[in-house]
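Take a look at this single chain in structure tokens; it is the form predicted on its own.
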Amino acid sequence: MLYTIDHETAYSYSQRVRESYTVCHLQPMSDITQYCTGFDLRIEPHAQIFFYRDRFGNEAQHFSYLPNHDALKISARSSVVTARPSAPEPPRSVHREVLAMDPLLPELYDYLHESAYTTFGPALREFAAWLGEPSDDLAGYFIRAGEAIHELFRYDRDATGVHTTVDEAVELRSGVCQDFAHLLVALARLQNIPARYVSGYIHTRSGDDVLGAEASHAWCEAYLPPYGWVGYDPTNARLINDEFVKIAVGRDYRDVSPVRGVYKGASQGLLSVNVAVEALTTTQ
């Protein structure tokens, strides 16, 4: 599939502020499953943008704007081609011995342990105990855990916030894609399955009932040899297919937040985010 993506983040302040420093993860990744054919990032007021690759291999951007200002707008436009199957087959049984012998495993330390938003608290452990052990099929456990989150948790944009922990989401039994992705990541890691948080977008075809398509989306990837990284979206209970566009991967949301930054000034700010994902035909 071919997509164009417009992502606009706008800040407005009740009083003028100064010295804004911002880091962005807005450029789609290029790997064997997708290719970013174009990316344009614009800042208003104008600021020089610097590009770099972070420790997780993501394309990142940062900029600063020092003069006094009462508004800041960040506009990203991307073009990307996805090469995943439209109806991917679920991975077959993955045995723990195969994972233990995988040569890449020592490099996946960050994806096997707790992080800021994926701690192994009592509520998570109780939920994991209810799910049961993965026996000798790690892939089956990963999919089953994602399906359980979809069935037992309610999608509610007012229930949680950006800093909600996994335990809080489990106790509430509700949240958004960020919470569900964090929960699946934590459940996998608790069973010693390498897992990472993925930020991106999901495209919805006309008539489809898709949650999270109106903004940035999030899902989970587990490392399951010999398949490599296998993506699953617990919000919509589906394997990652050609309707998903991957932006960045990390331990949790903090590593891959689309836009984050600081500024000097006592003023409170108002944030608005608009996302539009358009699918193009080959003739377009």
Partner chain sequence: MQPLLELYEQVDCYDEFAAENGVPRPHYAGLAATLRSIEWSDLRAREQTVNAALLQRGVTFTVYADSRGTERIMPFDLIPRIIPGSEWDRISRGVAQRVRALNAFLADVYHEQRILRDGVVPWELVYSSKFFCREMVGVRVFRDVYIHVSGIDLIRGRNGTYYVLEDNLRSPSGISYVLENRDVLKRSFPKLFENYQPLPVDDYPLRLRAALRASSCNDDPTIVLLTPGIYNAAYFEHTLLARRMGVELVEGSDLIVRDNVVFMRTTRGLQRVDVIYRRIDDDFLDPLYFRPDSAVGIAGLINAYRAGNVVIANAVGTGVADDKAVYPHVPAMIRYYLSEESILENVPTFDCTIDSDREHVLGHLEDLVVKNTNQSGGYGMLMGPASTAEERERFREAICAHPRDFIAQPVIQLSSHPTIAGERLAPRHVDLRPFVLYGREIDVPPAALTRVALTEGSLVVNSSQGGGSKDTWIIEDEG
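Positions refer to the first chain, counted from 1. What you see is a predicted model; the values in this text were computed from it and never measured.
Heads up, the form predicted in complex with its partner chain isn't pictured, but that's what we're talking about next.
**Q** Any chance Y52, R55 and R260 all have a heavy atom within 4.5 Å of its partner chain in the predicted complex?
**A** Checked in the predicted complex: all three residues contact its partner chain.
**Q** Please check if R42 has a heavy atom lying within 4.5 Å of any heavy atom of its partner chain in the predicted complex.
**A** No - in the predicted complex, heavy atoms of R42 and its partner chain never come within 4.5 Å of each other.
**Q** Quick one: does V23 come within 4.5 Å of its partner chain in the predicted complex, counting heavy atoms only?
**A** Heavy-atom contact with its partner chain at 4.5 Å: present for V23.
**Q** Does its partner chain get within 4.5 angstroms of any non-hydrogen atom of R251 in the predicted complex?
**A** Close contact exists here: in the predicted complex, R251 approaches its partner chain to within 4.5 Å, heavy atoms only.
**Q** Could you confirm whether S64 comes within 4.5 Å of its partner chain in the predicted complex, counting heavy atoms only?
**A** Residue-level check for S64: yes, a contact with its partner chain.
**Q** Considering its partner chain in the predicted complex, find the one stretch among 178-186, 103-111, 133-141, 146-154 with heavy atoms no farther than 4.5 Å from it.
**A** Only one stretch qualifies here: 103-111.
**Q** Does anything in 137-168 come within 4.5 Å of its partner chain in the predicted complex by heavy atoms, and if so which residues, in order?
**A** Contacts from 137-168: none.
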